[in-house]
Ligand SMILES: Cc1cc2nc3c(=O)[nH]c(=O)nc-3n(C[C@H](O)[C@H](O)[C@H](O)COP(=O)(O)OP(=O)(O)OC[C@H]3O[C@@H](n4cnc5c(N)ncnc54)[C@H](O)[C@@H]3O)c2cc1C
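The chain below stands alone and is given as structure tokens, in the form predicted on its own.
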Amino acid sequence: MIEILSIVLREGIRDREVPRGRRVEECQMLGFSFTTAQEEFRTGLREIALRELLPRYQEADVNLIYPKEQIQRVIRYSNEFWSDREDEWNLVSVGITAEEVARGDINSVLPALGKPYHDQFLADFSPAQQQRWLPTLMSGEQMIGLGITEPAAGSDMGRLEARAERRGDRWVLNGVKNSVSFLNAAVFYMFVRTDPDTRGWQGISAFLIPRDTPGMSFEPIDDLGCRAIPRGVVRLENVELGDSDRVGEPGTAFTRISRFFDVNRAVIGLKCIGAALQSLDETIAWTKKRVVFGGPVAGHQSVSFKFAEAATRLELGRLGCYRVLWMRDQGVACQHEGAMVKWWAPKTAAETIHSCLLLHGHYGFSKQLPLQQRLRDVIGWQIGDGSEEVMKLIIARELLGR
């Protein structure tokens, strides 16, 4: 298996503080290596993923067990490792976490990504909101659920129907959110329309709603994959909140959350690729031992070429993901680059895992191996955070200047 290349692109940058919106062509992209600390971090995290997370991966799927202990194990390791070198704990380091943890358990990735990731996701929390929620979210003790998707509004946030009506000094929320991951969350980051006279992406606001708030109800969905992370429907019926529960100024939520999408799409790409790379490693090892027609399966060109093609496609995808994270670290616009890796990386990962499963024959088709679970989990991320068609629409609009 080829050694994982990496991309930090730290050297040759003319100005560490690149203004937001600057094009990547204006920066010198030289050097394709992790720092020494990041490489050490990657090695340690790989060991934890394979030794501690992977053996419990299938159990969580079968028994619908949320991997809280695994998540907290990764968080502790990351916090300890970066405690005296926080200047290198950037979004590229977050990408390393996503890729390596996914080798053991793709469902343990998102809550365990650490401070640089949460700084992007929760950037608009007020000081009081940060004081209330961040300690338990950052420790993995509690989780936050993101409520955007609705029955009639998936990737099109402009069609949100959930509403928040101002009544005196209170906001009253009504609506339905489906496809809410982390249905077990302690708090939900909900997006609703607060200005009934607006259309499209205008007039949308965000609120933090504690799980035990009166008027909230939950309905789980029995998913094909990602079964350790409960997903489902959240209903809001006359849920009353105050201004202290609102995130940011009214009507500005879409602009704020859209800044996070690029980062999250690269992270999703890397965790799918991490699961695929582990599947590839396992399959290469197995085909070296498995003998057919007088020699190991790996010795047949029809098989070895599959490995070469998969390794090439995965490497291109992962480099693209790290490029997006590097761009965001530098303050460079990366919307269409984020869309590129979001449709390419999960698709490539799913195809690779499917091929690995077939190379194992009926043994791969059984539940004895984690290949079938990885395939189910990765397919879910071809949908989550924007489908392939939506990502291509974003890319095409930029290419066409629309």
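One-based numbering along the sequence shown. No experiment lies behind these values; they were computed from the predicted model shown.
The same protein also has a form predicted in complex with this ligand, omitted here; what follows describes it.
Undergrad: Using a 4.5 Å heavy atom cut-off, are S155, V180 and D385 all in contact with this ligand in the model of the complex?
TA: All three within 4.5 Å in the model of the complex.
Undergrad: At the 4.5 Å heavy atom threshold, is L113 in contact with this ligand in the model of the complex?
TA: Answer no; every heavy atom of L113 is more than 4.5 Å from this ligand in the model of the complex.
Undergrad: Report whether the minimum heavy atom distance between T149 and this ligand in the model of the complex is within 4.5 Å.
TA: Heavy-atom contact with this ligand at 4.5 Å: present for T149.
Undergrad: Examine R73 and determine whether its closest non-hydrogen atom to this ligand in the model of the complex is within 4.5 angstroms.
TA: Although this ligand is absent here, R73 would stay clear of it in the model of the complex, with no heavy atoms inside 4.5 Å.
Undergrad: So, R231 and this ligand: in the model of the complex, are they within 4.5 Å at any heavy atom pair?
TA: Answer yes; at least one heavy atom of R231 falls within 4.5 Å of this ligand in the model of the complex.
Undergrad: For the chain seen here without its partner, which of 193 to 201, 295 to 303, 82 to 90, 172 to 180 has a heavy atom within 4.5 Å of this ligand in the model of the complex?
TA: That would be 172 to 180.
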